[in-house]
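The form predicted on its own is given below as one chain in structure tokens.
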Amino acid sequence: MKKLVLKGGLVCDPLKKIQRICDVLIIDNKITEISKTTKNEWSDEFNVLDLRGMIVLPGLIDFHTHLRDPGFEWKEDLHSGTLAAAKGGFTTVCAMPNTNPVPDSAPIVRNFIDKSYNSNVNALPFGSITKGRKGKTLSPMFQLQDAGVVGFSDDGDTIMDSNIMRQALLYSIETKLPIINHAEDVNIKNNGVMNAGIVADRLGLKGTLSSSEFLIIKRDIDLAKETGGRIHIPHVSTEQSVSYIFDAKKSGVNITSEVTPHHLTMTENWIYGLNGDIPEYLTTSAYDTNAKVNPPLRSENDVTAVIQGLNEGVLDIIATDHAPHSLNEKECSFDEALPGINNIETAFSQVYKLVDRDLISLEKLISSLTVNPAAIINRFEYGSLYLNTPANLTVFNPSTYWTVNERTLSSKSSNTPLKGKELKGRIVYTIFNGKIIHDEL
């Protein structure tokens, strides 16, 4: 194989404080040099990719991915999920534990890891906090840690028992792995299907109060503060949640948090089915089940708050919460539709528009998807362009336009409100362990 040169792109590595136009040299599948400038010519022994006008960054890391494997392979599996991840520029994904069987024992975790060796990118498992994700009895956390989990979650099922949550946080001190509790008080949610407010009232749908999120977050913060445990808050979507996390960090709580691409870029108005526009009167476009997600899409004020929270470092990372569902689980009434958005292939393009609008910086965007999640999972080697290590890189063309087409998605599912929408900027190359695994050019 020829030596590979990524030539003339804007190389951005927040950890190394690199943001310059230069060349990246890959030999024997490892990064061997990041030049000071770009060379005019390379000899024939090199395979040269001309990346002028493009952005070269460390391979993206998704801290919150639903691969549905094992148990729900008709929605997604390890192969299709990691293929979709590669298409979205991700070279590492962390698989949430709402599978069947639940990863609540070491053999189940090891089986997933064994299967993941044939994945298209790194696939790292979460273990469940409780046996069967039932919220009653803690899983054997030390055994799960030894088996290779990167954290603990009962994703989708909130641990409502404060004593169980407190015990889990105490274990996080010894394991040094984060506890991720689904941020939703099921009692306050009260079977709501979208954000409570004017849009829900107009559509005649039962609303979910913002307090169903921020009150459980406040409880978990208080428990983390009291125990000294390590807490990670998933898919933050409300203004008050951001405020509570800000106060927690200020007081020294061991806390990190995430926000999704859709909560950064979409409001509850997307349920009207008109790209966020508000219709004068309701049409057949309304009740877009592909915009039904948990937590629900929120108000404009909430979107502004989470963007500000990301900018100010209150929210640490962007995580997709990629949640593929089959057609029959979405092509039904809004009340019956399962919540979740398929977005791992569109995530970077979707959020890059915030850079275009000067709402966040390029460095902040890249940090939130590389070095910051790498730090949370203690896999620092994945978050930067280290020399003499396996080359994991992503190349993004910020100028090209493309249309989201369900027939060309690599995921098995296509439940995205972006279907048929034009996005600016696209992942054009994903390089994993020195090999080009996605090529859009």
Partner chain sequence: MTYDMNLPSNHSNIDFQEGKLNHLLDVDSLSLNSIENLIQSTDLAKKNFVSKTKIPTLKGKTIVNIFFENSTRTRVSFEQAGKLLSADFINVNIPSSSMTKGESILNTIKTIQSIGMDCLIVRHHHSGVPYLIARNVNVPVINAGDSMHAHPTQSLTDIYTIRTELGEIKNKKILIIGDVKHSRVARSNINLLVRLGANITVAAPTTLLPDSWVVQNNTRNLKRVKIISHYLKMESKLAKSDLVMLLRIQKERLDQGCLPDLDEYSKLWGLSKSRFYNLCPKIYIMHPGPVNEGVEIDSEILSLNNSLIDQQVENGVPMRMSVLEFCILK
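Numbering follows the first chain given and starts at 1. Everything numeric in this text was worked out from a predicted model, so none of it was measured.
Note that the form predicted in complex with the partner chain isn't included here; everything after this is about it.
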Does any heavy atom of residue 72 come within 4.5 Å of a heavy atom of the partner chain in the model of the complex?
no
In the model of the complex, residue 186 touching the partner chain (heavy atom, 4.5 Å):
no
So in the model of the complex, does residue 317 come within 4.5 Å of the partner chain, heavy atom to heavy atom?
no
At the 4.5 Å heavy atom threshold, is residue 281 in contact with the partner chain in the model of the complex?
yes
Select, from the options 340-348, 81-89, 162-170, 286-294, the stretch whose residues sit within 4.5 angstroms of the partner chain in the model of the complex by heavy atom distance.
286-294
Considering non-hydrogen atoms and a 4.5 Å limit, which listed residue (305, 109, 196, 245) is close to the partner chain in the model of the complex?
196
Which pick from 116, 145, 299, 227 sits with a heavy atom within 4.5 Å of the partner chain in the model of the complex?
299
Using the arrangement in the model of the complex, list in sequence order the residues of 171-208 with any heavy atom within 4.5 angstroms of the partner chain.
190, 196, 197, 198, 201, 202, 203, 204, 205, 206, 207
